[in-house]
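Here are two versions of the same chain, shown separately as structure tokens and labelled structure 1 and structure 2.
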Structure 1
């Protein structure tokens, strides 16, 4: 059947209208999806951490009705395997092949440093939802790089003060040999030695090895007053179990950055009982904000949240603050950053602001393991700000 004159005219109008529409900027067409590149570990010793971060991030978006600043969210996910040697390629693919609007990642400090380098070079907005690499908010800091978590220095520094106040004089440290472990120990040592103690031995194993026996024998021989450690995820589970099995738990008090017992207590069981750690979250804060978050998380995932879930949730809250300020147009980077720089994030951990170098200024809690919880003991360090050494912003 030949189309009528009226049909032909109507088709021509539709074609004209469509081509005019495609010439408009994407935002004017009614907010296209915002592409979020989630670069997290989904395999290996930090797999549970990556999953908790994603859960927390998605929870906040769900609570906002699936949109931030009127834009639906599309996720592009990469398993970074906590492998720094693959990180630059992975992040370049997200930016150049997948055209993500914002990067969220990662857990491992080495991976995050590679992400920060590419983010700085390309100007892509980056929110780090865990990795504590001091350099990210130190010498590598940039106006487009933010962290929703902590610097490795922060929990270590807070614990150094606690251990010195307890009167311990001689401490051995043990960790994985990479930025997170080294910097956590450095933070601890700085305040512990200022408080009159001495770190007499620094032990380490390569990441992600969990062969601790020889080093535990060295600790027993050194007979220190206490041990300070940084391990996380699967490695933390193994270390706490091995420490107890070696008989050290009864003779040498073990202290750690809170990752030692966060998200790990089901697997550690009685071997983690009573351990003291420092972190920017605890399972028994009891504030209305935290109670509401814990309830919503448990309902959504049939799991209890941990510090990683909180950091993922807050990364989404930070993205929401920036995006709202620019009405969804993330190309307005200066306005996006300015909004975050003056924001007060209403976190389940307690409200926090960002330091000049974009790291949370936050309370660091002393917690003690009781049952399946890291229970709040006290505030070890109030509103602790990372010194941001080397950051020029």
Structure 2
């Protein structure tokens, strides 16, 4: 039977409609999931940090109803083991095998540097939720690379200002001989000497060596007005305890970047009492925003949040800002980046913006150990921007 004219017209309309639908972007047809590659340490020394970052990241997504800019999130997780030698292979697998849309990582600066290189080469969006390597937002900077945490320079520079204002003139520095320690010391020295002081001796031990006795003897012999240090984790615990045991705590004030006493106070006990450190977060900010975050985090995970949880939470906030601006289409990288460059992130740490090199411009707090908390004393440096030296953006 020959189809009627009406039937032919109806079929033609249906065909045109189906063609038009197939030509629509996938996002308009019911957004596919956004694949987020979490490349973090889940074993080893930094496992607790990796878990806190992921917890913070997931908390913000949960608060948004499980979606960002209308897109559900699918996680692909890789344990980077804090091993830079495996980092390039790990990140390439996430991009080429797992086809992730965005990378979140990492804690270890060596791993983050490898991630930044691959992200820069491939154009994959990367948000760094911890690693402070200055080069990530310095010579390695790119329009698709952002940081939600800090540069190693920032806490060091802020503490240099504090120590100079306290009237100390001669300071000895001590750290592990690796990028994070070197960069923290450089930041401290820059502002301390600008404030009229002098770093009279720079001491270091190979990472992750924790044999400090010989260097503590050198400090005692040098009789400085104060000591500035960068250690973290188990090294920070051992150094604080050894410093007190050597009798130096009573005679030479000890100052540090905040990692000296973050996540370490239980183990350091009374030896950490009253220590002053600088960081972009404190345990007692007391703002409505921070109070709400801390309550939500504690309810979700039965844990108290720390600076790492905040950095993970803000990495998700930054992803949400970019995605909202491009209506969920992360392929619009220029628009995504432009939105973040103009954004003001409402963080539990306090609002921050991003520098030209995509590092947070943020308040750095002076904190004092009291009980098992790093309590807020004051703002050491207001809206401190990393200089982003070497960035060509």
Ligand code: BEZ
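Numbering follows the first chain given and starts at 1. So that the term is clear: the rigid core is the largest set of C-alpha atoms that superpose within 1.5 Å between two forms. For clarity, every value in this text was computed on a predicted model and none was experimentally measured.
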query: Assignment: the form predicted together with the named molecule; finding: 1
query: Flag for residue 266, CA shift 2 Å or larger between structures 1 and 2 after aligning core; finding: yes
query: Core-aligned C-alpha movement of residue 193 between structures 1 and 2 reaching 2 Å; finding: yes
query: Core fit, then residue 235 C-alpha moves 2 Å or more between structures 1 and 2; finding: yes
query: Rigid core fit between structures 1 and 2: Cα deviation of residue 165 in angstrom; finding: 2.4
query: Residue 246 CA shift between structures 1 and 2 in angstrom, with the core used for superposition; finding: 4.4
